[in-house]
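In the form predicted on its own, a lone chain appears below as structure tokens.
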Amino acid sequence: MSTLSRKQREIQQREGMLLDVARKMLVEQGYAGLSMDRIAELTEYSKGVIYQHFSSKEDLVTAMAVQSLQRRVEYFSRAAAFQGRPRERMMAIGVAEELFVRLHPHYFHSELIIKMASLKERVSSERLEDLRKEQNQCFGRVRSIVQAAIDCGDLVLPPKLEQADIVVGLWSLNMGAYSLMHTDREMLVENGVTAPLTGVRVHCHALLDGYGWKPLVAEWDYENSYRRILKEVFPEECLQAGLE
């Protein structure tokens, strides 16, 4: 049961609505086109009310990043709890990201724009702390699975690599691929890449095989693992994405 007062819930709901309007504007018009004046006009709130929630445009954009990360953390937490070998759980993280991108394209698209903007100036220290916390939550979910694989003997870290390096490698592969899908989809199609989401899974398995992370693809039915993850962890999201 919520411990928030009615007024606090109303403020929270209003902030969520303001973020939705701002995110749509950001995706459609870019960072330069995001305007506090225009948000006030569209929502029929005064600029004073807008600034009660966000101290600046940069603070607003950072709040969007925090909201997006919070949703990703929720997906990642469910994925990390999947009942399976550590590599299957890492695969579940990949499925979580795939579903996040499929079902919340505005969130992902806004993240790409936000990453290109300098956020730290004129952002409240509290908002920056929220951002750091959610980023570490995401990173930590993935890193804990790497550690679980090491602990059970499924993974021996390659020379000169640490846990965090494995996380960064996987993260870079996924974010790079999904960024291309959003910004250069026509280029991918023109070059014969017709199933990029499937390709991401294939490349992740190739990377993990390269690390020697057991079981290798030749030793395990990962297609069955993928179906189990969709059914057991993300049944509703699976239906929404048309993957039933």
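Just so it is clear, the model here is predicted, and its values are computed rather than measured. Residue indices: 1-based, along the sequence shown.
Just so you know, the form predicted together with a further copy of the same chain exists too; it's not on screen, but the next bit is about it.
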*Considering only heavy atoms, tell me if Asp165 and a further copy of the same chain come within 4.5 Å of each other in the predicted bound form.*
yes
*asked:* How about Asn136 - does it come within 4.5 Å of a further copy of the same chain in the predicted bound form, if we only consider non-hydrogen atoms?
replied: yes
_Any non-hydrogen atom of Glu223 within 4.5 angstroms of a further copy of the same chain in the predicted bound form_ = yes
*So in the predicted bound form, does any heavy atom of Tyr211 sit within 4.5 Å of a further copy of the same chain?*
yes
*Which listed residue (Glu190, Glu44, Asp37, Glu219) meets the criterion of a heavy atom within 4.5 Å of a further copy of the same chain in the predicted bound form?*
Glu190
*Does a further copy of the same chain come within 4.5 Å of a heavy atom in each of Gln70, Ala81 and Leu103 in the predicted bound form?*
no
_The chain here is shown without a further copy of the same chain. Which stretch in 72-80, 168-176, 90-98, 144-152 comes within 4.5 angstroms of it in the predicted bound form, by heavy atom distance?_
168-176
